[in-house]
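Presented as structure tokens, the chain that follows is alone, the form predicted alone.
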């Protein structure tokens, strides 16, 4: 491929879009493939964006985000975690994915190694690959009580060349949540060995039986090598807005301004004003979705429980199920056939890392009626699927 680095030319489209792009806009499809529901962003959030446009908020702003949004994020985090976040640590570079990308670029050189807790969202692997680093994986274990992984299992995979570790808790796609004592053990390792920990906490408000998941923010010092990534897409149903935030070591603040300018020149300004409204008035929205997703998780468990070929390690958080379909040889072929024959879109397991070829990811953030119909179709399809 002319004009493209060989390692970039070798990159492949992830399995989610490989399936979804074929019928993304087909109204007949029940879309359980992407990480979003079917409810539009709340009206007061949309009105705040409209007002910002009417007020002429269309110019360049600080590449780390407008000050009023950074202070609103600080207030939200302080209240949520009973802490006092230094506002210099907060940046709004664009989407949460841009936050992950910048953190990876800042930490890694060609020849370094990065460690990903897997199963994982496929774009994370691509983001690390673009740095030129070697990628290693440590896989969670499926158990009857959900997915499990200890900090010691992660530390055991660290090498002398490891310069960054990525962890997503609550996890997409498994719903695994890292307990506080394991967070402390992993942070101590990163602190001792100067490894940048990228902690993706975008599902922080989607935990079953609690209001918020344990956060590395609650234990990290201002100068610890930790970048906590979060955003508005999941908790406030704002996937299309593409605004996220990071909390970084204080000493990195200037470099986040520099890198944000290179990647995105900062987040869209009128969207930032909408995000302030989400933080200041959106708690009822967050709580409503928490209740919806917890009930949806039960619908999934009920639908798959007792099915001979479907084995589900129940999720503890996020809004995905990652069941194993016994007997299938290709998760991609399975998802394509399911889409063709039952008009249900799910994500193939292979794209979430090695060892997941028999799994599929089902997003249960849709309305309950639509979700139940999709689950019924999946069960019906599994009963007759024979790898044809």
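Positions refer to the first chain, counted from 1. What you see is a predicted model, and the numbers here were worked out from it, not measured in a lab.
Separately, the form predicted in complex with a small molecule exists; it is not shown, and the next lines address it.
Of the heavy atoms in residue 334, none are within 4.5 Å of the small molecule in the predicted complex.
Looking at residue 77, you'd find every heavy atom of it more than 4.5 angstroms from the small molecule in the predicted complex. Taking the partner from the other structure, the small molecule in the predicted complex has a heavy atom within 4.5 Å of a heavy atom of residue 234. Within 4.5 Å of some heavy atom of the small molecule in the predicted complex lies at least one heavy atom of residue 320. For the options 128, 216, 121, 176, the residue carrying a heavy atom within 4.5 angstroms of the small molecule in the predicted complex is 121. Residue 242 is the only one of 316, 139, 273, 242 with a heavy atom lying within 4.5 Å of the small molecule in the predicted complex. From the list 105-113, 197-205, 298-306, 147-155, the contact stretch for the small molecule in the predicted complex under a 4.5 Å heavy atom rule is 197-205. Candidate site formed by 290, 363 and 366: none of these residues places a non-hydrogen atom within 4.5 angstroms of the small molecule in the predicted complex.
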